Each structure stands twice: as structure tokens, then as C-alpha cells.
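First, one chain by itself in C-alpha cells, the form predicted on its own.
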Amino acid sequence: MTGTFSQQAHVRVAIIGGGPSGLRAAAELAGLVDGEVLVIERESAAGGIPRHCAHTGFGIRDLGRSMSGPAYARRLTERAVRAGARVMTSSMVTGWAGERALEVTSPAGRMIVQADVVILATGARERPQPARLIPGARSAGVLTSGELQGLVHLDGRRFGGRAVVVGSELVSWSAVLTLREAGCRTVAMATQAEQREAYGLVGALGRLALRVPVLTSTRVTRVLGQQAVTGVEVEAIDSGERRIIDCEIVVFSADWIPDSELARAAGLRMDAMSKAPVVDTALRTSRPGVFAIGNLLHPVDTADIAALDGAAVVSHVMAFLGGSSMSSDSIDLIAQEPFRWIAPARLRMDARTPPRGRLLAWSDERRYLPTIVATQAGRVIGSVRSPWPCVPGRVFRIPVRVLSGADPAGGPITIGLR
């Protein structure tokens, strides 16, 4: 390592990722810890995905007000800096040099950052066309919604023509608004789901105000064109009928995966279904002193929910820094169909309450007024009726009281629907 890394530094807390969860954790911790709180952000400015989103609706749950994405990102960054955290932008953590030592490349050179606590807040990203196994050339007209928003809101790009958006989640409608701002007309949204995935009011307003047809039970089978996009081929899942939709832009939205490369490189225990690091209800990973928060764990929830993860981790970080002898006793939480994954995936008996008192789950089926059932060693230990439906493509929230009857010695707990 000598001669390769020109600098070394020690910080009390290193937070990897300057999105909402990382910035909120930094703002809370900077005034509490004895030592430096460092946020390492790979982009040129902190704030995460909200920086790219010009529409309003950010900050409702954590700040108690609605603001645009860029304003929300600036507010979170300012709060962290004002609290005393250092935000190091244009800097990439490229690997691990020890249990809690990070290899960092920045404009100032390469360095080793040794931390007493590491918080992974690297977020999530959308699967691009190749990862979705959709044939066709990867031309300049093929984008994810994140790439689109960066081009339009950060770089000021404008382009006309027609677009097809793949997906119908909240971020998909955000892409429609961004396309409209860029001067491009969305001629169709295509989703494999049987019903639209966005909340009903959002979808209804989108269809009425923006007049975008939503093709449900429809998959994109091919992107047409070589140097430039000329259209997409879509297939009706029920009938197998295929047709061509002419367009110059294709936006692949949603279908989120966690940015978990660093977690895997650390050898952390990973969830096979979500591809995220496994954490317990104290947001601890399988490596002591390494925590994980935000959309790295539950891809993908709203920015303000991710920020509240950053607030929730603070007491557990402080307990670790204070040398608290926290019990390692925990119980695996196993998702049962139609749930694909549960986060947190371990119940800590001495820290039983996850952020906001909710377990988060991802459902592959739509269920109205579902009853969630927790089973341990063949017996039901709790059940909760939810007024909110399970909907594919949307995080489902489960009150942690469903685990109220958990036996510390009873083994794994399965969570499913009646």
C-alpha cells in the first residue's frame, strides 16, 4: 500500500453516500460525536436523486413541508454542514483496507480513511436495458429515468420527439414530467403489471392532465434502431400480440436494485432476493461497527423515508461508539410469498423497533385489506390487518407489533399473508 495512497485520515464516523439518508445521519451525528463526521459523495454535489427531480413533494415526512427535489437536496446538505459534518464530494470509495478502513479516490488523490463507525448509505439505481435482457442497440435515445433527469435538470438538455416510458411507478410519472419539460411527448407507458403501479390519485391525474396512455400487462420485447431509436416492440402478455410504437426516446424507469457493491466487497451477509445487505432492527450489518440505511436496504422508498432511516440509526451508532455491550441475539425474519423480501431481516431482541416502527416488504401480488401473519416454530405469534393494499412495485409497510409474540429461543420467524 505504501506509495499508492498518499494520505491517511481518521474520522469518528464515515458515511458513504450523500443522499437523504446519509445527510440526515450526518446532521444528527455531527453534534453528538467527539470527532469528525465525514460524508463521502461520488457526485459533484450532495443531495442524491432529489437533485435531479424538479417536481415538488419532497420533505413532507421528515421536514414537515413540501418542496422541490433540488431545494430539498440543498436543505439537507446545508443542515449537515451547519451541524459540523464535512461533505467530501467528487470522491469515490473504491474498496476496503481493513474492517472499517476505506480506500478513497478524490480530486486530491488517493487516501485511506480509517473510521470508528462506517454507515453505508449508497442508495439504489434502476436496471438499464441490458440488465432487463431486452434486445436492441443501446443508442443515445435509451435512458433510465435517473439519466434523463440528470440530462434535463442538471445539464439543461432539451430535445423534442416522442418517448415511451417503461414502467408506471411514481418515478415513471416523474420521467413523463421531465420529458415534457425537455419538449418531448410521451406517447405510451408500458408495464407488465396488471394494474398501474403508482398511487391511484397520481395515476389518474397523470392520465387526465398529461394524457398518457398506460399499457398494462404489456412487456417491451425489443428496442428498434441502431444509431438512433426508431421505436419499441411491445407484447400483450395475455394474448401474445405484438406491435410497434414509433418513438425516438425510450426511458427505463423503476425496477430498482441496491448499490451494494461495497457491501458485497466487505463480505457482509446479503439478502438473496433484495440483493441488499442484511441488517437487524438496529440497522447493524454482519460486521461490527458497519451500519446500513436508506434505499440501499429497501429499493426503493421515498426520499423522506430514506432520510428518517438516517435519523433512526443515530442512537445505535452512539451506543456502539460508547462501548455499549449490545447483545448479538437476533432472529431471522423470512419473507413468505407473495413477499419477496423483508427489511430489516433480523429482529434484535434488545432493539426490537425498526425505523418508524415498521418492517418494509416487497410484494409480487396485489392484495387488498391484507392480513399479515408472523409464524414461529409452527405457531402464529402475531397478525395485523392493514388498510393499505400490497401492490407490486411499491414498498409495503408492516407494523412491528406483528412480532410481539416472538420467542427469543424460538428460531426464525416467517412473515406472510393470510
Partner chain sequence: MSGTLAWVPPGTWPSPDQVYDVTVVGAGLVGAAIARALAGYELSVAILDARDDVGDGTSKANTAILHTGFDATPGTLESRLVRRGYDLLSAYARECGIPVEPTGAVLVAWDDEQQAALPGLRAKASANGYQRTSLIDADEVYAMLPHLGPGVRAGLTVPDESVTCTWTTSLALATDAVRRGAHLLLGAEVLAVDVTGAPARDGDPHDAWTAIRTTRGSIRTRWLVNAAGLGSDHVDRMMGFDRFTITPRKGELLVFDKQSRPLARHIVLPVPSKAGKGVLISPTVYGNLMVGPTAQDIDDRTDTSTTEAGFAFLRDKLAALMPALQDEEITATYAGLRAATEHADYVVDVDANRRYAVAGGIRSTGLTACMAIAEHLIGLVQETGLLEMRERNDLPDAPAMPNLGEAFLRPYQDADRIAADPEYGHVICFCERVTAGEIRDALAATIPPTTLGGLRRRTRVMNGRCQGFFCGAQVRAMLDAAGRDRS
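Being a predicted model, the structure only gives us computed values, none of them experimental. Numbering follows the first chain given and starts at 1.
Keep in mind that the form predicted in complex with the partner chain is missing from the display, and what follows is about it.
S.K.: With heavy atoms only and a cut-off of 4.5 Å, decide whether Gly150 touches the partner chain in the predicted complex.
M.R.: Heavy-atom contact with the partner chain at 4.5 Å: present for Gly150.
S.K.: Verify the contact flag for Pro213: yes if a non-hydrogen atom of it lies within 4.5 Å of a non-hydrogen atom of the partner chain in the predicted complex, no if not.
M.R.: Pro213: no, not in contact with the partner chain in the predicted complex.
S.K.: Applying a 4.5 Å heavy atom distance criterion, does Gly146 contact the partner chain in the predicted complex?
M.R.: Output for Gly146 is yes: heavy atoms within 4.5 Å of the partner chain.
S.K.: Even though the partner isn't displayed, in the predicted complex is Glu261 close enough to the partner chain, meaning a heavy atom within 4.5 Å?
M.R.: Yes - in the predicted complex, heavy atoms of Glu261 and the partner chain come within 4.5 Å of each other.
S.K.: Which residue among Leu359, Ile49, Val37, Ile372 has a heavy atom within 4.5 angstroms of the partner chain in the predicted complex?
M.R.: Looking at Leu359, Ile49, Val37, Ile372 one by one, just Ile49 meets the 4.5 Å heavy-atom criterion.
S.K.: Which of these residues, Ile257, Ala319, Ala228, Ala236, gets a heavy atom within 4.5 Å of the partner chain in the predicted complex?
M.R.: For this set of options, the contacting one is Ile257.
S.K.: Given that the partner is absent here, state which listed stretch (308-316, 106-114, 186-194, 286-294) has heavy atoms within 4.5 Å of the partner chain in the predicted complex.
M.R.: Comparing against the partner chain in the predicted complex, the contact stretch is 106-114.
S.K.: From first to last in sequence, which residues of 162-176 have any non-hydrogen atom within 4.5 angstroms of the partner chain in the predicted complex?
M.R.: Going through 162-176 in order - heavy atoms within 4.5 Å of the partner chain in the predicted complex - there are no hits.
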